[in-house]
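Here you'll find one protein chain in two forms, each presented separately as structure tokens under the names structure 1 and structure 2.
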Structure 1
């Protein structure tokens, strides 16, 4: 006799939803059901509450809002029947989270249920409490849980143990109450209680050092015995997993032993035997066994030194590495990385296998293996390792090439035994994956090249050859062009040939050909072309016979839409035509670039340094000097990443041109003379190329520096002692200043005044922290005070809870918020706000727009 008044059965609803062919149909079904459920709730229908909640949970899983059902959970929990309580608690755990205040209302029901005569109801309560309780509930109900740790039924004891873990996590101070009962759980025989009990003890040890000492002294022996017992136990069908008895218990015990043995030689000593036994006797053909071995290895690595055990552990990892199972290999690589700090020699022995993993088909494994190899490189093995990695570079997948290239470059740079080897490897990398090589890497290469004068000839010839095979690698082209420009004479005359070289015939016109190809190639970007123009100028100086041809090539760029190229073209043509007398001194061989300074700058420069974002790097790898100026600083290759050179060039600009650097000059002083960021950014504005870093728009050279503190420090590394010093002082002065912004009265009416106080963190110019201060200007009390704000799309607002939601007469409350302005410097902040509160129960509403934010925010 079924009488269904309100709505359908659960299974019918599910069927109807699954039968829906479109999202709209599904929404219609859900809407109908929700309406029926709401009606049922309003009428306080008892009979269908159970079913309604089940439906609500299903609807919730589909992603629809179901908060109107929250109180139903509470009503069901408060019912007397088991089925009602069961679904009520489930609903509670699914539909609510611990941060919701409704949860507090359950505390009383929970307390009653924890004392219920029906042990299954006690279980329900423990489960819910363990999954969802807040700190306050934890405090309230801790005594009940403590009592239940000694309940007669093991199923309750184990639930109580886990519940206790949650309580301790929420309120660590309560751990002392649980220490003794937890210790007695360790002596139990029931596996469920043991597992949970061991875990509870682990948690207590983490939280309380005194408890840790206590457990260490009193329980280590017992735990070792328990582990031995379980490891030696005969087949038990109830707990067997792949031939091992209760691997979960094994693992929990190993974890606790790890904590007890860490840092304590005596405790570690007591566990050595059992660890050795587990490590050597556990079957490793199934995942369960491997999980135990993995845990065992972690424990061995964490406790105090025992040579034999450590070797055993690393051997296990070595075996894992050659396991066919991806999971095992992955886990082994992880563990080996940690083992490096403990015993790097042992890990080195497995280098070959790890290298194989770099070539694995699984991307996660590749990544791990590469990181591990990177940590294993040293002076002795760098050559073979680099060779293998570079060979692999040729066949690796696109996604992996970036990572691989970066790591190879780093390894090669750090550990290169000789310059020639370094240059060789870098050439190979550039030829294979030049497009993945980062700016600072190839800049470093050039620095090294200049520092190896006996290798200039070798290098330029090798680059020339490489160009013919790999001209699509942009970075290779750039490096090659720079070298050909510099060392064109060596290229053609085969100067400084090394024994291993084969002679090659390159005529002057060949050299020009190569550079011309680079300029004309469709994939060459602005930097390459710009570099090529300079290279041509150099060539025309070194090979005067080619001047005419060079001039015509350069001349083709006079009409270029890119200002940099046009400018260079005009200027160089002019030099070739009218100023032959200074040409040769202009493009004299570059002086050796100071490696120490370069690496110092590089190390000090911020990764997000206010640079021209590399897109149209109007960098000046060969700063052409128009007049005498400190060469060393100006001709700095790192000019596009480090803000450092600005000081020298800016100073130099001041001397020459008397330009006021505090204003953004609308047109650049000279394209090639502005390694300064401000200048480059001005160029960017003109050319609208790339996205200028926001903080540079300020234009004020000095304030831009203020945001890059390292600049001042980098300047101190400068070898040139003269002029920059006055600039440095100015910069130093700005370095520590934290900008102060005036506070504003955001809103004022006859009843309420709102003030905003601003602070900014120097590293994050876009974000502002605002402390809003609300003052009640009336003699009445405001209650239920709520401040709301809305901001336009280019702002992001994050509002913290206020200090209180009631204001006494003439009282004051505060609320903090954080606003991030993505158009910082371009658009000022603006905000609409609304304040709601009650006076004597009467609702009040005030709204307004705040327009008077300081512009610089």
Structure 2
């Protein structure tokens, strides 16, 4: 006889499976047992049906397929005996779920069992329905469940209430059928029935506004009375948990009161006294008491305003912060962040405790406390809070330094009372965690420094001192060498000394030493070395006595494998050696950088030639990455305020090319020079033009004029018969081969303007590239910005992502698209568009049709 057959007991099968030493042995045991069960099912052996299903449930829990036994559940449910029904319903809940079509066959059996005379069978049916009820079953069986809410046995009423919760979640429209029965359950004395009744009322209030008003008017007083009775009840061993009577019922009642009091002042007034009693009398030395207090705080913060209660609630959260349990402290920090919008003054009183949480060993508590401290900072407390955070920055863990540094920089920049304090704090941050400071932060620091002329000397001296103690911080080195390059004379001469400063002696050679160290340091990257070369070039102009040494240091990079450094070294060496007359103009002190313009670019509301995002880099031909944002932004090349060349550099092009374009004139005229033939030939060779007849060249271009000679303009040169075709080839095709199409205003409303700019490639006339420009005409910020478009079938549309999904006030974003017209020349382009965005969380939608495309597209 086979070891495994239909009559094998469940315990024997479990013993055999546990005795398996390998997964293969276990699969063999399960496979044999499943085969025996299938044989028993085929033979319709009723005596072993409940045993087979019990074994199938165990096999199912092991993760093996048991779908072939689902019908056995229905057969057992349809039997008359309680043991068979119990196994059948257990199998139904375990082996099936609400998505199985087989469940349709069990609805009738459930209905019969819900009306059964045996209350235990009724309980089985309610348990099954509460676990696997689908929307169809809920509609069919809701009347039976509603009736059972008035059943004589409390256990049946409790199960019926739980089943009603499932029905309401599946079909919210049925909530009105359960409103009155649920209200009657709130008067129950049996705690099991009462807690399920409160839960049922909570679910009904969530899905039905009408029921919510009904419970507010009819049940608020009763709920307050019930909560007061439980809070003041004597010791009851049946419901006692850690010295507190039924904390689970406490929490359920508080949740329901929170829903009833939210948005209703009258209901909130009724529950103020009991909430104050629960908050003040509940013991907090046990976890059950803390759970009740937390739920009470949530209720107080959600109902209508009561200043005294809210202060009491925030004080409870302050006590939670001193708890040794990390979970309690974390939920307290979360709750305080919500409370901050309600009563910031009460939260401010716990600032010291919150600050201690920033120094906690738990990473989650650290980050949450830091976010809360960031929200607590204002103009009045920024100095002590920044001091505490910077002091902790010195001893904080490496994983936390990045977040902490970002928050400190943001706080200091946002709430700085004066520029000298801002500079001091930023220097401390750069000295302690400069490698964690983002680019836009130290760019902003340099902008502030340039706008504080009375602090230039103080700043460069402070940076010089810091550089000797924290040379490993890359960002500190960059800011320091930038300032030394600009204000080296103030550093050496001790100009602009403040009373709080200590005197410092720095020679010209010392200033060069600092920058040389930055270039040669093994950790310095390309950007730092490039900035150091610029600083050396400026120092050579400030301190002529150091020119030879600076030239030597710069020349050491002529053989650098980094093309950027090699190019700078060659150019700067040439400037120092050959172009003394223009060096002072090239390295004049930087003009004051406009703070408002920089802030606008940083926020993205103003266009900028170079992106200042973290990904702003240019690819150098030899593969080295050059950070573009710092140098371009600092030089402010897009500004019209750049200093013009002085009279010492009258013939700028001559110095730029490194050749002598002029010769001495026997009769010099003020402000003019006689161009030589050789110089003209060089310039024309540069433009790929043959040797023309001697003529003067436009003075605006070369800063030279011919005496008593007509000026040859660009048009004259291009139309000259002596100019070969190579010049025309150089400029050929810019007008004829790339047609220019006028831009159009595709859509305009009171809030938004959309413009389209078009380009087409001559080799593909059917395709049109469109750059859509979206302009916000309001002072509000558009968030979740989304542009959608649709075209007819003869057009194909490809949309690229927009440059941003947030459109700042009076700002601009762009989005590119390509439209391919299969009927080009026959049918014009047309487009339907829709724009969606949010203003202060409110959804906005604008639609329109674009018919004014140029016909030639």
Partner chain sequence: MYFQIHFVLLVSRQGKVRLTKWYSPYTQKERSKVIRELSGVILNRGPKLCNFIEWRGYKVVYKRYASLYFCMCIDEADNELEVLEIIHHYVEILDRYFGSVCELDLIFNFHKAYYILDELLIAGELQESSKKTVARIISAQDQLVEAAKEEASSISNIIAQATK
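Please read all numbers here as calculations on a predicted model, not as lab measurements. Between two forms, the rigid core is the largest collection of C-alphas that superpose within 1.5 Å. Numbering follows the first chain given and starts at 1.
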task = Please state whether structure 1 or structure 2 is the form predicted together with its partner chain.
result = 1
ask   = Would you say residue 72 moves between structures 1 and 2, meaning its CA shifts by 2 Å or more once the core is fitted?
value = yes
message = With both forms fitted on the core, check whether the Cα of residue 597 differs by 2 Å or more between structures 1 and 2.
response = no
query = When you overlay the rigid core, is the Cα of residue 484 off by 2 Å or more between structures 1 and 2?
reply = no
query = residue 824: how big is its Cα shift between structures 1 and 2, in Å, with the core superposed?
reply = 27.1
query = Where the core is superposed, what shift in Å does the CA of residue 94 undergo between structures 1 and 2?
reply = 6.4
